[in-house]
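There is one chain below, alone, in structure tokens, taken in the form predicted alone.
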Amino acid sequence: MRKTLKELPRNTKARVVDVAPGHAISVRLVELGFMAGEWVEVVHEAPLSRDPIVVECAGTRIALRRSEASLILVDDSPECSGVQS
């Protein structure tokens, strides 16, 4: 099922589908490794506000604001997240 990275539950793997174009941070997110086909997982959320979140993508852990994570579209369907490459 497609959703934004912001909506992805903790400890759930998903594949990046796209990064929303036209935002100032979009190019930087792609440079950090959020490219179509990459695996991504939310590994930590800040207590209380749950902002920022820590995600693992392309072998790197990155802290993102939820507003930034909302620009990243992911797919966590069972056939997509069953086997990690």
Partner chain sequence: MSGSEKVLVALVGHPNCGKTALFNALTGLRQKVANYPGVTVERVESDLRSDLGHPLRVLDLPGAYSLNPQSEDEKITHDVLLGGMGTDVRPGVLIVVLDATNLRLHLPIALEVRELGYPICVALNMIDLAEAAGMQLNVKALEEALGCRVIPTSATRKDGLVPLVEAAAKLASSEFDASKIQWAPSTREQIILRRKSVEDILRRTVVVPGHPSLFTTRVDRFLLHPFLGPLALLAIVFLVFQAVFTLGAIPTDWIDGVISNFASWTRSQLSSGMLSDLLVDGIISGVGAVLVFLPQILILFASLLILEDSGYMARAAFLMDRIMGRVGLSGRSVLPLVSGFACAIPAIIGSRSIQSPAQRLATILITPVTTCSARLPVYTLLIAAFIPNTVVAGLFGLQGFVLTLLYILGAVSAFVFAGLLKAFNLTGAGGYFLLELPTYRLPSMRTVLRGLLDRARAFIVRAGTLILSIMVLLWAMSTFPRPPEGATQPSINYSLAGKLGNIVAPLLEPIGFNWKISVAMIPGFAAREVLVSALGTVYAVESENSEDTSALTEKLKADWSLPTALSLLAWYVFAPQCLATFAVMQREIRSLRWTLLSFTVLLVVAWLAAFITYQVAGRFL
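Keep in mind that what you see is a predicted model, and the values were worked out from it rather than measured. Positions refer to the first chain, counted from 1.
One more form of this protein, predicted together with its partner chain, exists but is not displayed; see below.
Taking the partner from elsewhere, Pro9 is found to have every heavy atom lying beyond 4.5 Å of its partner chain in the predicted bound form. In the predicted bound form, at least one heavy atom of Ile53 sits within 4.5 Å of a heavy atom of its partner chain.
Among heavy atoms of His23, some come within 4.5 Å of its partner chain in the predicted bound form. None of the heavy atoms of Asp75 is located within 4.5 Å of its partner chain in the predicted bound form. Contacts between 8-36 and its partner chain, taken as any heavy atom within 4.5 Å in the predicted bound form, involve Asp18, Val19, Ala20, Pro21, His23, Ala24, Ile25, Ser26, Val27, Arg28, Leu29, Val30, Glu31, Leu32, Gly33, Met35.
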